[in-house]
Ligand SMILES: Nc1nc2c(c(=O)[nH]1)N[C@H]1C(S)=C(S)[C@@H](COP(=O)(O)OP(=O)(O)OC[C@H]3O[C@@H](n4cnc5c(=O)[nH]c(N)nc54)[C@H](O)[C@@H]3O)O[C@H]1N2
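Only one chain is given next, in structure tokens, and it is the form predicted alone.
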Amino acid sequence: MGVAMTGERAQQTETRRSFCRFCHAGCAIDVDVAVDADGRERVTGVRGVQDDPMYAGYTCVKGRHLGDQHHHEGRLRQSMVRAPGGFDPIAGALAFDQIADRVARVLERHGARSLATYCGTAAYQNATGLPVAKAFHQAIGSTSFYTSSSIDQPAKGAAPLRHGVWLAGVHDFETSDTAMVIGCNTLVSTYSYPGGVPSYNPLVRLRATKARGMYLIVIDPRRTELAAYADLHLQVRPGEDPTLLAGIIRQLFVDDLIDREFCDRWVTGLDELAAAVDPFTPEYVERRAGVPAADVIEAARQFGGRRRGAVSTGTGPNMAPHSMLSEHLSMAINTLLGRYHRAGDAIENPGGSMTPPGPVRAQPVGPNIEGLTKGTAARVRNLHSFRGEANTSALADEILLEGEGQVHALFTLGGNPVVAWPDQRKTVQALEQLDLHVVVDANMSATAKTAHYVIASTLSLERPDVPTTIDRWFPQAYTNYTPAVLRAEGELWQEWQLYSEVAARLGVTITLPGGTIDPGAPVDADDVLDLIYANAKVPLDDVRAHGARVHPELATVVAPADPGTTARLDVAPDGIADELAQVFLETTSGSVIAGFDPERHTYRVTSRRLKSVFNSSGRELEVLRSREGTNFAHMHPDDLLAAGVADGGTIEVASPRGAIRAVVKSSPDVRQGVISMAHAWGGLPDEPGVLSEFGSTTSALIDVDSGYDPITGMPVMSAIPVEIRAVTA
């Protein structure tokens, strides 16, 4: 603690230990907090903790501006209610009275399913919000529970249900001698899970692993920061990941690089997969995917010829056409090569320290095809919930479509649907039709402007927390805990309190693993953490007492398989061969979109991550937004020349679904024919003055009714086929 003099008033500065929750990475930080004579607190600095055993002092530019996020002038300090001509302040207790009354009427008239929750990205940076929201839904019997995981990566949860899961997991990055990373730029964004470059001081870890001889293959239409470190960069055409992966698998069979011993014991479908990928010759892949045939062969031989290392995927292939197929083929490569921990292998993080204990065995859990359709059926596109979550791409339709099961009320936590959900105009139309929309947010976002109530929320430094959403990602078992390190100014609420306050007024009991939140019972955030993580391997009291540390005592040795197990992984489940045949017959991935014209829609819009913001979070801060400028349309300089557009000029980008305007930026790292733009920028449709400041949202280009994955409902949100024209006025 230090003391500084400001005018005639003494000001104390204290350093408080915490961890960052701007994104998912959870970096350990020291926060300098100035406290004036009146007790007001202000963050004056944020830096990494040098002796943290996981992060070793690493932070990013976003985390170093946490103080600006907490103190900026536009931040909500009091909840708001819609009023004629705008919004008026409202006391929290009164807001919850009114919200609960309206919820009760909606439930009485339309049933439990009529109340939905959407948990956005920021809800995953909060250990209490999402679990309490889900428990509330279980308590009232509502299956209308949606999260951002079904916006960008639903195949991550669905593909294993067709393929099966190896209980001991894939090889981890830092002990591997090769890695293949597809559509993820870990040096800017978060982890390509599983087996990819860690997010925890990623550049240092990448360089160390490369120095030990790792051969890195990166598949991406752009020469990203990560691709710059690749030994082999396959600059694939957007949307052609299934073509390229099928070609690599074919070459693994041709060169007989398959782990036959592993596959004979644990795998089914080899012959069927080999036949399905046989048409994807290196020459065909070159014509279709734009990757030289020699590089396709080299990728298969380099990756397949080494002993350890996994394929991992990011949002790129998961947001593009045939996303489930891409995820399945990446898993199939790991399986064909046996890139899994075996009996006797040491695992430093055997499944997380904040999860219940259990043995780790060298055996599979077989496919669970029924799991893809046993969940609640959506009322559109023959979709189903899985893992307890419904498909966000269908939520706007669930609001708009009249009849039994229609959603009439929505709680939005830590998200910005107006710019994040696919098909922006349909999204806004749906939000405006709701009988009740409650948004929990720290700012008047584009989505908050459509709400009936905006509950002013705390931000990360104002609440206790543990980094649970990334618990399984750490290379070693690692725990951390932070108390609130900054006093909240104003009447602010945590996300979980929306549910506990409404539940109290409805007489609903919320049940969590460690007990219940009874109606009206006094609980605080630490009480809720105790209830959520009551069965953790490391007791939460121990985590609180010791702070950040690794747990070598949790390392384990993989146990042999149960002698009687008959489960197998399936590399060619029903539907895979048919979808590969469909891909082969397509002339381009754009053909999956209704209204696609190959003569007109010759460009592809891809999604990119930005260093200074995280989706729509951080754009409200001029200090961060100015580093990016706006949501530029990054294009190859030769494409700008051909289109007659100067660097910094404006273009109209039109898909079969809709059109946006964007400011172009010359970017030699983008392959020709590609327009690289960030997801979740922009504002409300036709909102004046947004283009130069926030740019446009690519959501307006997306069609949820064609080209979607039939299992996950994932629409084409990257590799969107478009045409462009210069805007001169």
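Remember, it's a predicted structure, so these values are computed and weren't measured experimentally. Residue numbers here begin at 1 and follow the sequence given.
Beyond the structure shown, there is the form predicted together with the ligand, which is absent from this document and is the topic of what follows.
Q: Taking 4.5 Å between heavy atoms as the contact cutoff, choose which of Asp471, Glu398, Asp639, Glu495 touches the ligand in the predicted bound form.
A: Of Asp471, Glu398, Asp639, Glu495, the residue with a heavy atom within 4.5 Å of the ligand in the predicted bound form is Glu495.
Q | the ligand: the contacting residue among Ile651, Ala442, Ala276, Met80 in the predicted bound form [heavy atom, 4.5 Å] | A | The residue from Ile651, Ala442, Ala276, Met80 that makes the contact is Ala442.
Q) Are all three residues Trp166, Leu372 and Val704 in contact with the ligand in the predicted bound form, where contact means a non-hydrogen atom within 4.5 Å? A) No, none of the three is in contact.
Q: With the ligand left out here, work out from 278-286, 255-263, 176-184, 499-507 which stretch has heavy atoms within 4.5 Å of it in the predicted bound form.
A: So the stretch in question is 176-184.
**Q.** is_contact(Ser607, the ligand) in the predicted bound form, heavy atom dist at most 4.5 Å
**A.** The answer is yes: Ser607 has a heavy atom within 4.5 Å of the ligand.
Q. Given that the partner is absent here, does Ala122 sit within 4.5 Å of the ligand in the predicted bound form, heavy atoms only?
A. Residue-level check for Ala122: yes, a contact with the ligand.
Q) Heavy atoms within 4.5 Å of the ligand in the predicted bound form: does Ile219 have any? A) Answer yes; at least one heavy atom of Ile219 falls within 4.5 Å of the ligand in the predicted bound form.
**Q.** 4.5 angstroms heavy atom contact with the ligand in the predicted bound form for Glu327
**A.** No, no contact at 4.5 Å.
Q: For the stretch 600-637, return the residues whose heavy atoms include at least one within 4.5 Å of the ligand in the predicted bound form, in the order they occur.
A: Counting only heavy atoms within 4.5 Å of the ligand in the predicted bound form, the contacting residues of 600-637 are Thr606, Ser607, Arg608, Arg609, Leu610, Lys611, Val613, Phe614, Asn615, Ser616, Ser617.
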